[in-house]
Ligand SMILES: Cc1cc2nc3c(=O)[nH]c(=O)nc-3n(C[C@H](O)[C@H](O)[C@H](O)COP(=O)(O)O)c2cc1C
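The chain below stands alone and is given as structure tokens, in the form predicted on its own.
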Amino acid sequence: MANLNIKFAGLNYKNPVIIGAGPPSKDAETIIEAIKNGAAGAVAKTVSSQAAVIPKPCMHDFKGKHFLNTELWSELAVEHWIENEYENCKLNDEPLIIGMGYVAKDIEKLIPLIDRFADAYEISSHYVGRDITPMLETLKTAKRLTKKPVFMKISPGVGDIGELGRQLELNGADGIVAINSVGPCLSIDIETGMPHMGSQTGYGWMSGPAIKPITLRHVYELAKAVNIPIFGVGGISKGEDVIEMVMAGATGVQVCTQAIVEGPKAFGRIVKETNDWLDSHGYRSLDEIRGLAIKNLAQRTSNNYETIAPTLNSNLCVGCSICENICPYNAIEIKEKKAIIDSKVCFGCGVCTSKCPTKALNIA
């Protein structure tokens, strides 16, 4: 079994998968249930100066491909968290990161009230757009009020992600969490002609597998730019997603949406799949693959403009005709139940390798 332990800004976790801020961490009971099912720790659902009033319906799953929500911060007042939740959020002394937001005035109120419960803080900057000044002011306020680690959660939309990371590190951030959900987005129920979301505009925010490539790009850019650790959050639904995040430079990951659509058992499954992948590929720990994509891409010398036709492992090919049917350049045909590739016609696009169900096709 591989060593899954990680250390994140002084916090020790038995595995890299923790509960992201949201419905799976809405109170102590849900946090403990997730930890019992394999999560290594939690970010308690974000609190702010006032409890959130959430428009409903507020969540809709699109067959596991993507997810829309109008979730805001916690619908429970911070006073409720103090009196009933925070002290009950640990099973075996797992690190408790307290989510809070959103501007300096909120932080000035919240930290003095909750500092005794926190092992660290995650501050959601929530859709600051391209002006990072408010985020930096919020960070500076938090660092002035607590000695606990402060992690900044960023949203997509900032032009230069690397520069944002450098500024956060320069101004005292102990870690970065990337990313918030993506949006605003719109989906319409064609049977009613009404949006699925209950917000006044009908808009929601997208999470789930569809945003994983966006998350990966943010993690990758940040990991190249900063020396502080990064939590990758957004689109993680299986162990292979954890591996990708770590290869992009993440120290650990947070899972929220998958735990909504699958329940708390998602955490243990994802952890097991992560370990199984490491074992099957001969890795002893996550450290051996962390930032691997950064290292490999730094060695790339070609722009890959040359056409390279895929090679076929005939032992794996079952003649299913998928590659023949989808090839946009008509470069593949099936003969005697095996794929034949015309390298003179092939454009080297690679779509056939991504669709082959037996992985018989490969572009080196």
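One rule holds for the numbers: they count along the sequence shown, beginning at 1. Source: prediction; values computed, not measured.
One more form of this protein exists, namely the form predicted together with the named molecule; it is left out here, but the text below deals with it.
Chemist: Would the named molecule be touched by all three of Trp73, Ser124 and Ser207 in the predicted bound form, meaning a heavy atom each within 4.5 Å?
Modeler: Yes, the whole candidate spot contacts the named molecule.
Chemist: Looking at Ile260, Val103, Ile289, Ile214, which has any heavy atom no more than 4.5 Å from the named molecule in the predicted bound form?
Modeler: Selected residue: Ile260.
Chemist: Taking 4.5 Å between heavy atoms as the contact cutoff, choose which of Val271, Val255, Ile230, Ile161 touches the named molecule in the predicted bound form.
Modeler: None of the other options qualify; the answer is Val255.
Chemist: If we take heavy atoms and a 4.5 Å cut-off, which stretch out of 231-239, 142-150, 87-95, 108-116 is in contact with the named molecule in the predicted bound form?
Modeler: In short, 231-239.
Chemist: So in the predicted bound form, is the named molecule close enough to Met197 to count as touching (4.5 Å, heavy atoms)?
Modeler: No, Met197 sits far enough from the named molecule in the predicted bound form that none of its heavy atoms falls within 4.5 Å.
Chemist: Residue-level contact is defined here as any heavy atom of the residue lying within 4.5 Å of the named molecule in the predicted bound form; does Met59 satisfy this criterion?
Modeler: Taking the distances in the predicted bound form, the answer for Met59 is yes, it comes within 4.5 Å of the named molecule.
Chemist: Does any heavy atom of Val17 come within 4.5 Å of a heavy atom of the named molecule in the predicted bound form?
Modeler: Residue-level check for Val17: no, no contact with the named molecule.
Chemist: So, in the predicted bound form, is Ala173 in contact with the named molecule at a 4.5 angstroms heavy atom limit?
Modeler: Close contact is absent here: in the predicted bound form, Ala173 is far from the named molecule, nothing within 4.5 Å, heavy atoms only.
Chemist: Any residue of 40-62 with a heavy atom within 4.5 Å of the named molecule in the predicted bound form counts; write them all down in order.
Modeler: Lys45, Thr46, Met59, in sequence order.
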